[in-house]
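Only one chain is given next, in structure tokens, and it is the form predicted alone.
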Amino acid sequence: MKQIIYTEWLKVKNYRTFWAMLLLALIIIPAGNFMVADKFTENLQQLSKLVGNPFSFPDVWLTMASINSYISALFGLLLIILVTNEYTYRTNRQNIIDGWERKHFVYAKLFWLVLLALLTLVVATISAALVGVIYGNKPVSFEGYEYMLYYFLQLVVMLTIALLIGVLVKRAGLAIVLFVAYNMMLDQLLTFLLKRYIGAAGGLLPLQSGDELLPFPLVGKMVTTSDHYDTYVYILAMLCYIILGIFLVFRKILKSDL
């Protein structure tokens, strides 16, 4: 595994586009968090008396996780670029010639998936804690931190989708278009149609499963609905999507021509 990680490091250490996109993706999280907190704090003085301050502990964990779920797509684009570059520059074939097995290619991309997800969770946690300290009026508390873990799980689902699309399509441009289309439109459209004609099952789509666990605090307190499964159902759904996505990636890489 050390050799795989070292090889991946050699591929990106001088890749300026990668580092620029990674830096931008990480900056967007605290920037988005503080922008929303600063904008809404001025207009929530009266409303907060009724429903509380969503930027105070423990609500800040849910608030920031909900916001982050809408601004994290750049990590998926970054993973797609890393995957499709392997096909564009034939580095995956060179790795095989140098002694890698096909499964090592998948391990290498799963390394990036896990690393990006963990790095995002760390940045999101620090950002949410700072927002809670600066804009909140309660002492620091990790009560409700499970919402950040729901966000992390949803992010892993999104990255798994990005990895699968990259492996199936192999071309960066088309893969990015398909990923953005699904992430920004198709998942929400299918959710709307399924919820309208089937019911709560519409909330079990890959990205929507995470959204169901991350309602914005004010909305959750002012709007109630019985058309909702227990938390464990959505968690189980996301885990199933992750396992299925990784299985399909392995199947594609092990069975098809690189």
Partner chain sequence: MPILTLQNISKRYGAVQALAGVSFEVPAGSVFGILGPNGSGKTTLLGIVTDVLKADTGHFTLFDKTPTARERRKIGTLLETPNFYHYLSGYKNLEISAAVKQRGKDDIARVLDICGLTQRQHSAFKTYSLGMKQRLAIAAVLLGDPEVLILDEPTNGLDPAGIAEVRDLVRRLAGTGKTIILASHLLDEVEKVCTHVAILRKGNLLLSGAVNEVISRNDYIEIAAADNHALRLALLQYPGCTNAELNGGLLKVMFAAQPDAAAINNYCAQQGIWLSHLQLRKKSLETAFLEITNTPVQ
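Positions refer to the first chain, counted from 1. Just so it is clear, the model here is predicted, and its values are computed rather than measured.
What comes next is about the form predicted in complex with its partner chain, which is not displayed.
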> For residue 15, is any heavy atom within 4.5 Å of its partner chain in the model of the complex, or not?
Replying inline: yes
> So in the model of the complex, does residue 142 come within 4.5 Å of its partner chain, heavy atom to heavy atom?
Replying inline: no
> Do residue 187 and its partner chain come within 4.5 Å of each other in the model of the complex, heavy atoms counted?
Replying inline: no
> Would residue 111 count as touching its partner chain in the model of the complex under a 4.5 Å heavy atom rule?
Replying inline: no
> Based on heavy atom distances of at most 4.5 Å to its partner chain in the model of the complex, which listed stretch, 151-159, 167-175, 124-132, 79-87, is the contact stretch?
Replying inline: 79-87
> Who in 75-96 is close to its partner chain in the model of the complex, meaning a heavy atom within 4.5 Å?
Replying inline: 85, 86, 89, 90, 91, 93, 94, 95, 96
